[in-house]
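Taking the form predicted alone, here's one chain by itself in structure tokens.
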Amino acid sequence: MGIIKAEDLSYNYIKLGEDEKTEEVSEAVRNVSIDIHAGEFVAILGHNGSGKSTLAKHMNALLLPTEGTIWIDGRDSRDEDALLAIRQTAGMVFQNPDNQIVAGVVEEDVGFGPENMGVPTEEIWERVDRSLEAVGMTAYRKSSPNRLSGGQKQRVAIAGVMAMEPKCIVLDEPTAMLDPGGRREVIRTVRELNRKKGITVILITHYMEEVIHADRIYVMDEGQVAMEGTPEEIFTQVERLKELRLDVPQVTELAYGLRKRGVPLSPCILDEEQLVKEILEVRAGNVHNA
């Protein structure tokens, strides 16, 4: 069993109708089964309303399944006695860092979670040091979060989760409110945590460029898993992604258009360096043939 495993998970939002008696049921997630292994970088894609954020909130028991089961590090999310261990295993980072920052000084904010967990003071500061260093924010430890950029605030939020030493970090559209520079900053940080620290990363996003280095991708649509595979397997299916109201990385879109015009390029090109290399090889081959 992986660190996050869901089996036939479904979740319904229920609200009262206008008469405040009848219930209106909205099925947000339907029969989802996934298995995420420790140390993986997994991305979950989907358009707005596809169910990806609802699924994310099950990964540390913020929501409990209407039907089916989800295990976090082998613990059933419905087990109330396992709730603390589950939330120590899977930390959440949301799209608005302001909603997670609670202190007036960066280092105090990062230490807030461990302090609530009852971690001894000396160890708290050791964790704060390690976490700030890991996200490249040590120089800002005495700063007010209000003076930071959006990308810097999000890195502080990630450090705060890291200080609780989770095995897994679930990021629910963490760059949605950031400019392109801030998005690159946060995704670079997340990739390094995964690669250097071995932390399992689950990234929920609708920005295609953020997931080209993922180990696996799940694509959600209407509450279900519509596609699953490596980035190469997913992004070769350009037309299918468009049917699901999703884009592909810009460089992949460009390569796809060139292939349709007869340029002999690889089926899936994910970065500019690969595209330039193949275009130069095609050009050199044509010159040689001439």
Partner chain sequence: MMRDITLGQYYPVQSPIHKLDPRTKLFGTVILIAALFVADNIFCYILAAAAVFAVIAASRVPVRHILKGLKPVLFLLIFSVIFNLFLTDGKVLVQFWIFKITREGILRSLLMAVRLIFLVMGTSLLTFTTTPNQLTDGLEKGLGFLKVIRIPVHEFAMIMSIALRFIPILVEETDRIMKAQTARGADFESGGLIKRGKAMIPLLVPLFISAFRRAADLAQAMEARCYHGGDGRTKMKPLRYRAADRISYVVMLAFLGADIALRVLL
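Quick caveat, the model's predicted, so the values are computed rather than measured. Positions refer to the first chain, counted from 1.
Another form exists, predicted together with its partner chain; not displayed. Remarks below refer to it.
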- Note: exactly one of E192, D98, D215, D79 sits with a heavy atom within 4.5 Å of its partner chain in the model of the complex, namely D98
- Item | Sole residue of A134, I187, M164, L178 within 4.5 Å of its partner chain in the model of the complex, by heavy atom | M164
- Within a 4.5 Å heavy atom cut-off, is T236 in contact with its partner chain in the model of the complex? no
- Q88, heavy atom within 4.5 angstroms of its partner chain in the model of the complex: yes
- Query: Taking heavy atoms and a 4.5 Å cut-off, does K57 contact its partner chain in the model of the complex?
  - Reply: yes
- Does L265 reach its partner chain in the model of the complex, with heavy atoms at most 4.5 Å apart? no
- Query: Of 104-112, 70-78, 204-212, 179-187, which is the one stretch near its partner chain in the model of the complex, taking non-hydrogen atoms within 4.5 angstroms as near?
  - Reply: 104-112
- Residues from 250-277 in contact with its partner chain (non-hydrogen atom within 4.5 Å) in the model of the complex: none
